[in-house]
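Okay, so here's just one chain, in structure tokens, the form predicted on its own.
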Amino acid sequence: MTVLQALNARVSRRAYTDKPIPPELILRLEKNIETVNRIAGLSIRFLPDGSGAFARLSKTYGLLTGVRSLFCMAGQAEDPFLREKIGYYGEFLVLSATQMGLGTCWIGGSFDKEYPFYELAPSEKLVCVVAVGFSPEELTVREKLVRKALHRADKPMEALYDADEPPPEWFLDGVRAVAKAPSAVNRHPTRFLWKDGRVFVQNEGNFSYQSIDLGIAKAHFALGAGGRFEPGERSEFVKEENPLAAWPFDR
């Protein structure tokens, strides 16, 4: 499965089987984590068993079942772009897991935040977690009900960008990729701007996960359009000749 195939195939999975992730896939996941930690100055970890954080129904609201393995999304608490970097590089990890046939789900609040996943360094902060593991081949009835309850109607593609003139096809390819990105309750608050032949990005609204959403949306646009973003809102997109210039892992 190519990166772009993974981008189009990925859906958030909230049900997981008891099939363990084989050691060879764990090694690949951990190698990819080491790569993004080095590039972005993050301290993401793979946790084979974080199921205790989901043991109490009062914490998970019954929305997640069978969660075991996790990406623990952490970094330096003083990093002004921490949450955006978590979204940007974390989504690359999510897509790499999709390539391996694994299900994933970004989890911002539906877990026990007091659960001792591991000992953080004094300078580190755990931002959120991502469930990762094998899911049933088809969405379960519960997953379908949860998706229907939690997801707003999909925004039309035209609502995801503004342009002062008809933009090039590669820009629209980037926007199409953004439409496939996960977003808290399907808000998709990030808009991409085509102005004077240049691409900028901005967030709309103000809610707790919008910086993570910004990073995720940037990752999808970068892969769809072929280029790179610097961190920060209103940052400019740089088009590259290499269509997968942003992808940090082996192809």
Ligand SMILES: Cc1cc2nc3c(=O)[nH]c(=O)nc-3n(C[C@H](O)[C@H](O)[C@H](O)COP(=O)(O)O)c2cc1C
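Because the structure is predicted, anything quoted here is derived from the model rather than measured. All residue numbers refer to positions in the sequence shown, first residue = 1.
Only in words, not in the display: the form predicted together with this ligand, which the text now covers.
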- prompt: Taking 4.5 angstroms as the cut-off for heavy atoms, does V185 touch this ligand in the predicted complex?
  reply: yes
field: Partner contact for L25 in the predicted complex: this ligand, 4.5 angstroms, heavy atom
entry: no
- prompt: Though only this chain appears here, would Y209 touch this ligand in the predicted complex if you measure heavy atom gaps against 4.5 Å?
  reply: yes
- prompt: Is V11 close to this ligand in the predicted complex, meaning a heavy atom pair under 4.5 Å apart or at it?
  reply: yes
- prompt: V199, A225, I216, V67: which sits within 4.5 Å of this ligand in the predicted complex by any heavy atom?
  reply: I216
Candidate from V175, L93, L102, I107 lying within 4.5 Å of this ligand in the predicted complex - any heavy atom: I107
